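There is one chain below, alone, in structure tokens, taken in the form predicted alone.
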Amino acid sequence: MRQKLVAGNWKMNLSYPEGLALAHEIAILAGAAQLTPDQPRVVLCPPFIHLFGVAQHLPKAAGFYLGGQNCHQKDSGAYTGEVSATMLRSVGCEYVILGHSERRQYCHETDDLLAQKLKAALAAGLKPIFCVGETLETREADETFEFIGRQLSDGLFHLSNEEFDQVVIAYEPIWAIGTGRTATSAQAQEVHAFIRERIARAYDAEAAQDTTILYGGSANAQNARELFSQPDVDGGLIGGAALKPADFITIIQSF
């Protein structure tokens, strides 16, 4: 049975004291809600400078884990300003987001580069949350499936079966990120089912059924229950709502 999961991507928000305060409040609310590890797994992905401090506040008894927002494809070297997968692992990370649309757009990350980052993350013992998703122009041109299929084949499907077993996929329609627009539950289900079908073709039916696929596109406390009720939606990659402790806990409870 595949893992249900909610990941909170804090993006480039909050000072260090603010980040610790947020993690502390989430931990208190998780305790009050009596969250347990047999409920959805939760991953907090704060900015790099917050990681060690946030790790001290993680309510691990409630099934909370730590994740990075990105990593470099090399393990070490003269790459000023970068952070390696090994570094993330050393501060307690068990997950890392790779291929987020904002990094693809603003940092010009390609599928070839992401394929290298996946290998680095897996070698360090991290579970990648690999993001795919289309722009509004791509959707309106009726090219969503072709576009996402290419992201999967070029960036992800080079992995061995054993490596692929460690990967979480996040579908994030770019047109719904930070815009207030959200894919309908039917639209999300349609793309998630397509992704699962492509996994079955690239690997096998068992791999397709075992892979956790998250929805990431303005999911919030109001729409999470409907989104998560879809048969191929296994949770969410949450942006803005992850910075609102009460809303984030409500999303976790939406299963």
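A residue's number is simply how far along the shown sequence it sits, counting from 1. Given the structure is predicted, the values throughout are model-derived calculations rather than measurements.
The next section is about a form of this same protein that is not shown, the form predicted in complex with ligand PGA.
Asker: Using 4.5 Å between non-hydrogen atoms, is residue 122 touching ligand PGA in the predicted complex?
Answerer: Residue 122: no contact with ligand PGA in the predicted complex.
Asker: Though only this chain appears here, would residue 159 touch ligand PGA in the predicted complex if you measure heavy atom gaps against 4.5 Å?
Answerer: So residue 159 does not count as contacting ligand PGA.
Asker: Although ligand PGA is absent from this view, report whether residue 230 comes within 4.5 Å of it in the predicted complex, heavy atoms only.
Answerer: No, residue 230 sits far enough from ligand PGA in the predicted complex that none of its heavy atoms falls within 4.5 Å.
Asker: Considering non-hydrogen atoms and a 4.5 Å limit, does ligand PGA approach residue 178 in the predicted complex?
Answerer: Output for residue 178 is yes: heavy atoms within 4.5 Å of ligand PGA.
Asker: Spot the stretch among 36 to 44, 184 to 192, 211 to 219, 63 to 71 with residues whose non-hydrogen atoms come within 4.5 Å of ligand PGA in the predicted complex.
Answerer: Selected stretch: 211 to 219.
Asker: Considering only 207 to 243, what residues come within 4.5 Å of ligand PGA in the predicted complex, judged by heavy atoms?
Answerer: Contacting residues: 217, 218, 219, 237, 238, 239, 240.
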